[in-house]
Ligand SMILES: Cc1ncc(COP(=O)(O)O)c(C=O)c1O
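There is one chain below, alone, in structure tokens, taken in the form predicted alone.
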Amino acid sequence: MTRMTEPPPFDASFQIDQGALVKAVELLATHAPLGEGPDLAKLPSKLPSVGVDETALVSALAKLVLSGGFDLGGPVSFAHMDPPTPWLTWVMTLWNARLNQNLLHPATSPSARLLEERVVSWLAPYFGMSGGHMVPGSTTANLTALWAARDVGGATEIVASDTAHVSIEKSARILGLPFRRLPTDETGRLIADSVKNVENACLVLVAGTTSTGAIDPLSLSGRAAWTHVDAAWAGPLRLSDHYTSRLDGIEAADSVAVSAHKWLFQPKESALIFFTDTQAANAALSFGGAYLAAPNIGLLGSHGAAAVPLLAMLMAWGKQGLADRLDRCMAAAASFASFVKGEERLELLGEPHTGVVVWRPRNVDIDMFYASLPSGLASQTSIRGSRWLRCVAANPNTDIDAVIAAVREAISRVY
């Protein structure tokens, strides 16, 4: 006789709680970032043995998560390459979390795979590339490109400027390739005449260095066995009619990395790696397995639907909408640089070519001056052993008049 068993209890944690989701949106609208500092006093020091009500927990965590964050879209948010994200991406990210699709398995992500392919097909031509795929960030994108440079291009060393992103040297170590640094000028731009003996190398050119936003001479593309352009920051300028020419030469590269969670205004973690010859790159980067219904291309195993919020934003804004926001950012940087040049108590490193303004006060302690600025207005960097302040135009809603007024107030207090 078959023994009857009780059915498992229904688990509501995996179902939609519309009231709780509405409450979460209300909290999102009412808890301003940095309204108060993070308060960890009520957070358990050890994993709780018994859980708490989920709806009540949402309200309790709002202060810690939302108010404990920083408002990257605030009027004087001008310090970092981290942008605010459009509300449409919040919705798409919520939907992604609900479905939890894995692009490694077509059966679990029939639409998401196609959406990523479509987004890549939209963007790749602006860089002269034929295709590619999405990755969590440009560190992964750079490593993927240099992997292809070794296995497709036959590169036996990695050559890059001394201001290239740390991920380039990391990638060289992972891949077991020698890493050679080349000198840069005072703005952090690669000195073209230093590029020699690269016939068997992967030459990495940077389009938007981290400290200064400098663009290496992209006309050097094609000189090496493989050319990779790390366009994590400045790459999206290719979609702006006003600034696309600043990246001329990028189309002659073999691979290009672009960080979507920078100037494509996406939630982290989101980036793209593009190839001129995608078929050859994919063949070198593909792996199979008995449980896989499609080749596993690149470094990632499980791969989420990061293209969904990017596709939604690009459809909502179009090329022109994206370009308009990039142009606003560039205009804000130019306006602030003009102010710095006209203020005798401030010093400008150089004209901002990709929305990064490097400046500092003259003849006063830089720490004291920095402390007098509103939080999020500027960051600090070191260039050739000298300390500077750095502003980055990643926020289309920056109020440049408010930024200038805040700097003037700091000047009046310090001098």
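Don't overthink the numbering: it's just position in the shown sequence, from 1. Just so it is clear, the model here is predicted, and its values are computed rather than measured.
The form predicted together with the ligand exists for this protein as well; it is not shown, and the discussion that follows is about that form.
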Thr139, Ser109, Thr93, Asn282: which sits within 4.5 Å of the ligand in the model of the complex by any heavy atom? Thr139
Contacting member of Ser167, Thr276, Thr85, Thr187, with respect to the ligand in the model of the complex [4.5 Å, heavy atom]: Ser167
is_contact(Gly208, the ligand) in the model of the complex, heavy atom dist at most 4.5 Å: yes
Does Arg150 reach the ligand in the model of the complex, with heavy atoms at most 4.5 Å apart? no
Hey, in the model of the complex, does Asp230 get a heavy atom within 4.5 angstroms of the ligand? yes
Examine Ser259 and determine whether its closest non-hydrogen atom to the ligand in the model of the complex is within 4.5 angstroms. yes
Picking from 335-343, 259-267, 71-79, 218-226, which part of the chain touches the ligand in the model of the complex when contact means heavy atoms within 4.5 Å? 259-267
Within 4.5 Å of the ligand in the model of the complex, which residues of 389-415 have a heavy atom? Give them in sequence order, or say none. none
